[in-house]
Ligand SMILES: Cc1cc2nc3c(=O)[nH]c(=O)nc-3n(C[C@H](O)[C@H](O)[C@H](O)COP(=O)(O)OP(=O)(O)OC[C@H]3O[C@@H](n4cnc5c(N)ncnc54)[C@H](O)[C@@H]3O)c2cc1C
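Presented below, as structure tokens, is a lone chain in the form predicted on its own.
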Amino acid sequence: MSFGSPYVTLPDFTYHRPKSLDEVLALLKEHGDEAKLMGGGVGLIAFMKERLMSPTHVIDVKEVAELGQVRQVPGEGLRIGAAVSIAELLEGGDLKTEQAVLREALARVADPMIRRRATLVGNLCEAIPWVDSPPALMALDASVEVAGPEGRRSLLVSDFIRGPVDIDLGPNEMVTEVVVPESKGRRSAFEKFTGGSEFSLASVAVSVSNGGKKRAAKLVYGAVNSTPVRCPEAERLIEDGLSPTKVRRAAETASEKVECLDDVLATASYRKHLIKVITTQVLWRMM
């Protein structure tokens, strides 16, 4: 990632490599706003080179054993530690059939070299509108576990992301895990359009669960607005099943109802066109 900065070196900083979560939290408390956490370091190092961030303390969490774990917990779901790389998730076989939307989204993050360094938690915490993991996690009702000086708390990913590069993380707090709840029988898929770069111009994460008498559907769109957005009107059209007519109506409805923004990557009108295209593609795959 580059924004055209002339810098090729990093600003001066003190490097820390704690071995426990308690050490991490102590360092955060000691150094406050002068410290930044590093899991894979992909985003952080790029931002530091660009001088968009200049922390005087960098806290590398890769040696903290509990943050490097992926666990299937009965009754809870899949718990993914903050230091787990995207490649580890894709290659470890931990993402089940009902979590296909997340596997498909992560498989299209950047390139294999980046995926070996980048972490799911880091990708999520960047809260950049065009990254791919937030829509997929929202479609799965995923949450984050946060630790800080006041203890631990849990909140949904949909509440965690408040705006562009804006997350619900207090002073000296950190995300320790992403939790993807169990949902047997859920079907899900992901689609995006990039226009030839690593950045999505529009993406969609869809999930359909079969709990109860009526299916619950989610359509979550990324890269079209400042935060991922759902389209309840289109969701209602596919809750009781898919057909060619319903796919067409859902795609048209989403294109009409989802609010899109203009930016340097694409116009709002072009994004509305893309929403219709990728919604049609992803729902056809699920028929």
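None of these values were measured; they are calculated from a predicted model. So that there is no doubt, residue numbering starts at 1 and follows the sequence shown.
One more form of this protein should be noted, the form predicted together with this ligand, which is absent from this view; the next part is about it.
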property	result
One stretch from 112-120, 72-80, 91-99, 136-144 that, in the model of the complex, holds residues within 4.5 Å of this ligand by heavy atom	112-120
Within 4.5 Å of this ligand in the model of the complex, all of Gly222, Val224 and Leu265 (non-hydrogen atom)	no
Candidate from Arg248, Arg230, Lys257, Lys36 lying within 4.5 Å of this ligand in the model of the complex - any heavy atom	Lys36
Heavy atom of Arg108 within 4.5 Å of this ligand in the model of the complex	yes
4.5 Å heavy atom contact, Met53 to this ligand in the model of the complex	yes
Glu198: touches this ligand in the model of the complex, heavy atom cutoff 4.5 angstroms	yes
4.5 Å heavy atom contact, Gly68 to this ligand in the model of the complex	no
Residues from 40-68 in contact with this ligand (non-hydrogen atom within 4.5 Å) in the model of the complex	Gly40, Gly41, Val42, Gly43, Leu44, Met53
